[in-house]
Each structure stands twice: as C-alpha cells, then as structure tokens.
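The chain below stands alone, shown as structure tokens; this is the form predicted alone.
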Amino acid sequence: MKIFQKGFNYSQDGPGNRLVYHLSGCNLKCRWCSNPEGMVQKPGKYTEVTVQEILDEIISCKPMFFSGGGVTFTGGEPTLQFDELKKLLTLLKKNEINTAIETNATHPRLCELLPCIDHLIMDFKHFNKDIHKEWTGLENTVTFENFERVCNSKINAIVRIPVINGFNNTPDGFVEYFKTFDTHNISFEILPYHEFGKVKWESPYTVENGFITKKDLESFEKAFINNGLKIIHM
C-alpha cells in the first residue's frame, strides 16, 4: 500500500483518538484540495508497505485507541487501493479494531467495504454532475448511487459537504435531493471553505473568493434542519 502521511489525531477523522493513514493517489482533482501532494502517486512522495506491516503497526498502537478510537483511512482517495484496503479492513475487523474511511464515494465497489468498517465519512460535493465535473474533473453519478445504497444500509454515515462560494453555496439542490430519502442513519456536516492546503499546491491554485460568510453557513444548515436532515458539528 502507498502511504504519503500518517499520524494520530483526536475526533477529527472519526470518534476518539485515531491513527490516520493518508493513502496516495486520487481520481479527483478538486480545485480546493487540502492534500494536493496526495493526488498523484509520484515516486518519492509516498512510502510503500505491505498489508501485514500496516496491520502489525496498528495492533501495536491499540492502547492509544481511547475514547472509542481506532484507525482511519483517508487520502488522497483510499478506495483507489481497493483490494489491499478491503483485505486490511477485514483483518482489522477480526482483531476488533474500530475502523473508518473518508472517501469521495466515487468507487463503484465502495459498499463492499461497509461490513468491514464502523464509520463511513463520505463527500458529497455537488448535486449537479456537470458542475461537479468542471470543478473536480469527474462527474458524480457513482456518488449518487453509493449515497442511495448507504441510505439503505445499517451503517451510520457522515456526509460532508465542503461549501465554496461560486461552486455550491446554495443549499436548495442538496436539500431537494437528500429529503427524498430515508436518512435516519445519515448525518450531514457542512464544511465552510478554507485555504489550509493552498501553500502546498505546486500548480496554480485557481479558487478565488471561495470563502462563505457565517450567515451563509447558518442559512445552509437551517435549510437542512427545516427539511428533517440531521446536522452535526465536529
């Protein structure tokens, strides 16, 4: 498996104290990406390790998984290393280690992983496939399909929406889509635009005036709540 970053954090990438692995490579090219160094699998930009080596490392860290913690796989896009990820998640489940993945939900086999994970955190960046493709390089048809499958599953999931001025700063299209489903197992997290990853971009950073106001954020969240969609704050 190709990993470009790892480390512990508390309650940011799933509950409790978690060991977070950033897997190299991504099939999207989001203009605002916070980890652009993980987009492309360039030699020298990642460390390659076996599934067994990662498993051994995680098991050795079990005493650190307090407050319901465990391990989270993020990216890049972790599902690009699908077979290795599935094998590792299955082994972690057998070892009773709490698992989470953060994903853009574009992989057609994503839901094969659900029996192996405790927490699913998935992005839903836009409700319009053409605008989604313009800003990320890929349309979101599979994301829609995976969201609907997750609604019909038993797993509790968090859907993250990064809200960016000029891209998706109106809640209407999101609400109209989400409210047609039974989302009892879904929580929504609205993430206002930030530029934490801007300095890491080697190519030009093209988002301009992406910030939203506090009023915009409150309006976005209110629209969700008024339509029976559960909002959380991490």
Partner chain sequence: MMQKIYSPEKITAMAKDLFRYERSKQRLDGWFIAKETECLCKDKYSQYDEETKKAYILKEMVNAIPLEISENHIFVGTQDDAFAKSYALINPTFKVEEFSGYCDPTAVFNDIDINEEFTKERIEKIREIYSKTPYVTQLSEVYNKAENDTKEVAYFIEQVTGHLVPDFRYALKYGVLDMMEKAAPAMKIALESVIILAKRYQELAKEQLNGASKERAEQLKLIIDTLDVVPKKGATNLYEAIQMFILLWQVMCLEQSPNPFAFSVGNADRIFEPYRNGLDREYTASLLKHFLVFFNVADRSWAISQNILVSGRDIDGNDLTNDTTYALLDAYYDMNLPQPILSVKLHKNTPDKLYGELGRFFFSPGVLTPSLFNDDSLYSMLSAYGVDDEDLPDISVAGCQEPLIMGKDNANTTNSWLNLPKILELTLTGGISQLTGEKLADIPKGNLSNIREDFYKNVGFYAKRMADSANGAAMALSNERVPFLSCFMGGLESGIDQRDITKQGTKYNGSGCLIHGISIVSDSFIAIEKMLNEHPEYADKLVDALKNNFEGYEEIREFLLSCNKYGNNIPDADNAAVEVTNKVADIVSSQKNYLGNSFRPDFSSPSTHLLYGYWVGATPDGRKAREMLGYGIDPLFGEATNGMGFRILSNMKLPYEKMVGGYASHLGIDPKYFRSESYEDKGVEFKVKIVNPLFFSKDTGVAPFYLYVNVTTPETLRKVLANPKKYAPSGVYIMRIHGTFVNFLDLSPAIQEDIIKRLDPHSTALGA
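Residue numbers count along the first chain shown, from 1. All values derive from a computational prediction rather than experimental measurement.
Heads up, the form predicted in complex with its partner chain isn't pictured, but that's what we're talking about next.
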>> Within 4.5 angstroms, counting heavy atoms, which one of the listed stretches 202-210, 178-186, 64-72, 23-31 is next to its partner chain in the model of the complex?
In response: 64-72
>> When the contact criterion is heavy atoms within 4.5 Å, does Gln12 count as touching its partner chain in the model of the complex?
In response: yes
>> Just checking whether Thr50 would be counted as a contact of its partner chain in the model of the complex - the rule being heavy atoms within 4.5 angstroms.
In response: no
>> Although the partner isn't part of this model, could you tell me whether Gly7 comes within 4.5 Å of its partner chain in the model of the complex, counting any heavy atom of the residue?
In response: yes
> Using 4.5 Å between non-hydrogen atoms, is Ala223 touching its partner chain in the model of the complex?
Replying inline: no
